[in-house]
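Next up: just one chain, as structure tokens, the form predicted alone.
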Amino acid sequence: MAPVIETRGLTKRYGQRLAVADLDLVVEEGSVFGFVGPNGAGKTTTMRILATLLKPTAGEAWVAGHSVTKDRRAVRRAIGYMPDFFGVYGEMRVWEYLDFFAACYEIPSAVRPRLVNDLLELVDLAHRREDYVDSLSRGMKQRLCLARALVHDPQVLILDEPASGLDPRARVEIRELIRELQAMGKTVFVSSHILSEIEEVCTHIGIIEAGRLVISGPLEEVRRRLRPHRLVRVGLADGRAEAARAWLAGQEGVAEVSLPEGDGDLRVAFSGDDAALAALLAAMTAAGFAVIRFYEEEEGLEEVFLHLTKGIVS
């Protein structure tokens, strides 16, 4: 796939503080790219540069083939930007709010009513179209601002912490909206420090720490690069955990065997493929161990992130 966002050597300084450091990033068209990092890592600064709201100190960036420094107007036409903190015109009705921004993008007045209706249906606010914006809950305002970012049918959506401050139900609604936007062919570049939520919707991720890109790529590829071993959980019915631990340690493909205190199940770091994993289970039962649980644990993105940045932040 062709890159729709690309940065080369992107750098931003605020006096002596380096907010973004020599960032090389590629976001493929049609992907949902999760930009992951703790507060202060450089996520918002990067997004503001991509949205043409900040000028980089050095380096260059392109969105939809347009330079963010030389062709800002074209970039703004190509993107829908939703900042981490947004303002709304509270005294407008919901439909008026979207109609106003559609007019700002020079969308003809004859087209706007249908467009506003379609956007309100998309973000599930059609039943609140006549209400004043100030009467909406925070989650509804987030969805309205996402609709605002879509009024000109942008190719790329840049969403900075879209689920920030929302209750669990509203966060689920935002995730579902992101999935819908990808199905519509949009490229979504979304930042968050709520890693479990990013993991559910993203096809690709980039992890940033202290202004530097630590790793990026397809989600599963990043997991494999960070955790070369599969994590297998083994439970026994006969209490022979220590014997099984010693037996497993001598098997091909087993890198490490641990027995967390108070758990009872063994954790096995295994480097083989599916066939080798099935063979290990068969050999274990043939050796007389009463296996009642044997499955691969999927490590969440949060554990991967903590493992990766542990050495950087210490």
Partner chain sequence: MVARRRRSFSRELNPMLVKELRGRMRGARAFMMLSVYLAMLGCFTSIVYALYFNLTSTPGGWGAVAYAGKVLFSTVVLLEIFLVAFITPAFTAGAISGERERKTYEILRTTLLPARRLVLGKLGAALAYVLLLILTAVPLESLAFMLGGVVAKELVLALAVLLVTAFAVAAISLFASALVRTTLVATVVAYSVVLLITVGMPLVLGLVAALGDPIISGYSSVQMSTTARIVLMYTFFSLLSLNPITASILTEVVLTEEQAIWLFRVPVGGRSIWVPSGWIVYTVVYLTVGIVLVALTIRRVRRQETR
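Numbering follows the first chain given and starts at 1. Please read all numbers here as calculations on a predicted model, not as lab measurements.
Absent from the display: the form predicted in complex with its partner chain. The rest refers to it.
The single contact residue among Arg267, His66, Arg48, Arg245, judged by any heavy atom lying within 4.5 Å of its partner chain in the predicted bound form, is Arg48. In terms of contact with its partner chain in the predicted bound form, the residue from Glu161, Glu96, Asp71, Glu197 that brings a heavy atom within 4.5 Å is Glu96. This chain is displayed without its partner chain, yet in the predicted bound form the stretch 109-117 from 185-193, 109-117, 221-229, 163-171 comes within 4.5 Å of it by heavy atoms. A residue is said to contact a partner when one of its heavy atoms sits within 4.5 Å of a partner heavy atom; Pro83 meets this definition for its partner chain in the predicted bound form. A residue is said to contact a partner when one of its heavy atoms sits within 4.5 Å of a partner heavy atom; Val26 fails this definition for its partner chain in the predicted bound form, lying far away.
Of the heavy atoms in Arg148, some are within 4.5 Å of its partner chain in the predicted bound form. Put simply, Asp124 is far from its partner chain in the predicted bound form: not one heavy atom of it is within 4.5 Å.
Residues of 195-217 are not found to place any heavy atom within 4.5 Å of its partner chain in the predicted bound form.
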